[in-house]
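Next up: a single chain in structure tokens, the form predicted on its own.
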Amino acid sequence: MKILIVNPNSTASMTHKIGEAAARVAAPATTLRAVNPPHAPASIECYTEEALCVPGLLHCIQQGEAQGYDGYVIACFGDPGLDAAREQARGPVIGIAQAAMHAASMVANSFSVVTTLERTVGMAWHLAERYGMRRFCRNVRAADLPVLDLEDPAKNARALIRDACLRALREDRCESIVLGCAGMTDLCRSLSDEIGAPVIDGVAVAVKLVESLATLGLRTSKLGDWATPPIKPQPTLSPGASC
């Protein structure tokens, strides 16, 4: 089985970390490849950056289809371009927010999301609503930490995230934590041991979901919303073009 993991931002060190976390949970017979589009925002922390990352993300999915991949993981908690990616792919495409929220609802009666910047809190609430997870989600908390600070050991990111998790357990009375950024994937197991509650990393869950769906022979439905896009001339994006 071949799974392509797409980090939609262009930070290669984060892509490498995501790939390592995925490899720790993948089945021995699963071949993983973690990639990122080179021409994308360095981090994705707002709706504009989500929109800007989608063309590169879709290009990665198209390349994966040409190379015979069986399924895909979108490794960004905003699940950018998820519907468009499912139009492009034959196999399952899983976004890490959808995966993490559903997994949390299966191991606990409630969860809180711990994310990065305050401005992304509303985006996480919108996803919980879209995925039918609002009744399980007690709160969305920001560690007030830019995504790229997760890559800088001097920024004390782990301590900030741990403290936000502990406040969520105490003040929200939630029973589990969903990590709201793919860049937090390496913290999952140690945080879970430290705070004494399930801490869910969407990258790992998404990999196992893709494996399971592909093993069951389940592919993305091409009836209705996720049908293959119609064949017609497509515009070429030109950064220097005038409107």
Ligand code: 5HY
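Note that this is a predicted model, so its numbers are computed, not measured. A residue's number is simply how far along the shown sequence it sits, counting from 1.
Below: the form predicted together with this ligand, not depicted.
Not one of Ile3, Thr30 and Gly71 comes within 4.5 Å of this ligand in the predicted bound form, counting any heavy atom. Within 4.5 Å of some heavy atom of this ligand in the predicted bound form lies at least one heavy atom of Thr120.
At the 4.5 Å threshold, heavy atoms of Ile161 stay clear of this ligand in the predicted bound form, well away from it.
Using a 4.5 angstroms limit between non-hydrogen atoms, Leu57 is distant from this ligand in the predicted bound form. Though the partner is left out of this view, Ile44 does reach within 4.5 Å of this ligand in the predicted bound form, counting heavy atoms only. Per the 4.5 Å heavy atom criterion, this ligand in the predicted bound form is contacted by stretch 178-186, the sole one of 178-186, 60-68, 22-30, 204-212. Contacts between stretch 133-154 and this ligand, counted in the predicted bound form as any heavy atom lying within 4.5 Å, involve Val147 alone.
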